[in-house]
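To begin, one chain is listed below as C-alpha cells, in the form predicted on its own.
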C-alpha cells in the first residue's frame, strides 16, 4: 500500500502548523466562528449538535495496522474511546475538544494520515472498491488510480472552490462494489476490443434531495488520458455549474439541465484543449504508485477450509457463509468484519476493537485492512486455513456477527443523535430493526437484503439505493419516516421509489415487518432475493401489504 513521500510529510505537517495557529486565534477570540468556519472545514473539522467532529481521511479505504492502532490511541486520548466508520470510507471522532484537534492531526501525521479534503467544496476523499486488489472478479486493482487522483486533486489550485463538494469513486470489477453511479464522477475499469485496460467514465450521479443515476460520457478512456479528461470534466463543471443555489450546484443538475449530449460536447472540447499541454502524469510516477500496491505474496498452507464445505463449528460455518468472499488467489479468502452487532450502532468500533483488527491484519492479512462504504472492515488477504483462528479472535472481541449482506447489516448515518443537519434519528431505527430480526435463521431465510437509513434529505445513509430505504424527516415537530423500495447501488444502479405516506417512529418497524412478510409470500423460490422479487412484481403488492394492513391495524 502507498506510504507518505517526503513531499506528503512536509505538506501535511505545514497544514497542521497553520491550523494550530488558527485554533489558537479562535480560542483567544481573534477569529469569530464565521471567520474560523472555512478554515476548520478545510481541515475536516465540523461543528455538530453537541461537540466538534473530526473527519479523518482514509483514501480509498486502505489502512495498515499502525494506522489503525493510532486511531485507537486517538479515540482513547482525545475522544470517548470509539470511532465511527462512514459510507465515505472515513472515520469520524464525535467528541474532540477544539484545543486538542491540532494534537490529533499531528498524531495522524505521525502514521501518514490526515483530514484534508474531507470537507469543503473541493474534490473529496476518493473512494474505491473495498475488495480492491483481492477480488476474484477484478480486471485491475483500482487503488493505484485512486492514489493518482488523490495526488492530482489535493489542493488543486483550480478546483479548491468548486460550486459544491465533488465526489469520485472507482471500481476495478464489473460487479460494482463502490456505488460509482451515485457519484459526481464514477470510474469503472473495462477492457477494449484489444484487451487493453481503461475506464468507463460516468458523470452526474448523486443522492441527496435530487437523487440521480450517473450517465456514461465515455465508454472507454485509455488510462493515459485519465487526468486530462478529468481536468476537462472539472473545468466544464467549474465554469458552468450553478452557484446561485447550493441545492442545484452539483454536477448532476448541470448534466440534467444542459443535456447529456451537450455536456459530452463540452467535455470533449475541453479534453482536446487539455491534451495539447497535458498528456497525463510521468510514467515513472505511475510506475512508482503501481509498485506500492503490488500483490502480497500469497503462498497458502496445505490445510485449507473450502468455502463450499461445511465445518464442524456451526457458528464458524455460519460466519464463513456470510462474511467470507472469494479471493483471486486459490486457498486465500477475503473476510468482512461486521461492525453491525445486533442492537449496536452501525459503523462504530471501540478502541479495543480497533486494536484487535490491527493485530489480526498484522498476523493474518499481510498488514492490510480496508474500510467499506457499507461501514464494515475488510481483511483482504487471509488464508482459508486461518479462518477458525480469525473467527475465534473476532468472537472474543464481539465482532463475529455473521450478518454481512443480510437484513441486520444496515447502513445508517449518525442522524439526530449527532448531526446538526439531521431531522430525525437513524441509529435507534437501525438498532430496533436488527433486534427485531435478530435470529440468524430468520435473516438467512430472508436472504440478501440491503436496508439503508438516512436521518435527513442529504442521504449520507444512501437510502435512495437501499433495497429498502428509510428517510427520517421532521413533520410538524414529529419524526416521520418515508420508505423507498427497489433501490440498488451496484452496476444495475436504480433510485428507489417512494411507497407513499410516511410512518411515525413507533410505526416504522411494523412497516418493515409487513414488507418482509409480503416478500416472503411473493417470492417464487428461496433463491429469489428481495430486489429480484420487487423487480418482477413491482410496487403494488408491497404497497398494498404496507398500507392496507396499516389501516386494518389502526382500525
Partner chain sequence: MSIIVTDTGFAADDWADAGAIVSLDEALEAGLPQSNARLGLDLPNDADIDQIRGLLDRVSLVRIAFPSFADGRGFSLARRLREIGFAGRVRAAGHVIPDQYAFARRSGFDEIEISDEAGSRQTEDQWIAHAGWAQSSYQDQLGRAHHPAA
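Whichever C-alpha set is largest while still superposing within 1.5 Å between the two forms counts as the rigid core. Residue numbers count along the first chain shown, from 1. Remember, predicted model here, so these are calculated numbers, not experimental data.
Missing here is the form predicted in complex with the partner chain; even so, the following discussion is about that form.
- With the partner omitted from this view, the residue of 165, 279, 256, 395 that lies near the partner chain in the model of the complex is 279 [heavy atom within 4.5 Å].
- Taking 107, 217, 190, 227 one by one, only a single residue has any non-hydrogen atom within 4.5 Å of the partner chain in the model of the complex, and it is 227.
- Note that among 174 to 182, 144 to 152, 209 to 217, 318 to 326, the stretch whose heavy atoms approach the partner chain to within 4.5 Å in the model of the complex is 144 to 152.
- Using a 4.5 angstroms threshold between heavy atoms, residue 25 counts as touching the partner chain in the model of the complex.
- Using a 4.5 angstroms threshold between heavy atoms, residue 32 counts as touching the partner chain in the model of the complex.
- Heavy atoms of residue 195 never reach within 4.5 Å of the partner chain in the model of the complex, leaving it off the interface.
- Contact annotation for residue 156: at least one heavy atom lies within 4.5 Å of the partner chain in the model of the complex.
- Not one of 88, 294 and 330 places a heavy atom within 4.5 Å of the partner chain in the model of the complex.
- Along 223 to 242, residues 227, 231, 235, 238, 239 each place a heavy atom within 4.5 Å of the partner chain in the model of the complex.
- Core-superposed comparison between the shown form and the other one: the Cα of residue 52 travels less than 2 Å.
- Once you line up the core between the shown form and the other one, the Cα of residue 503 stays within less than 2 Å of where it was.
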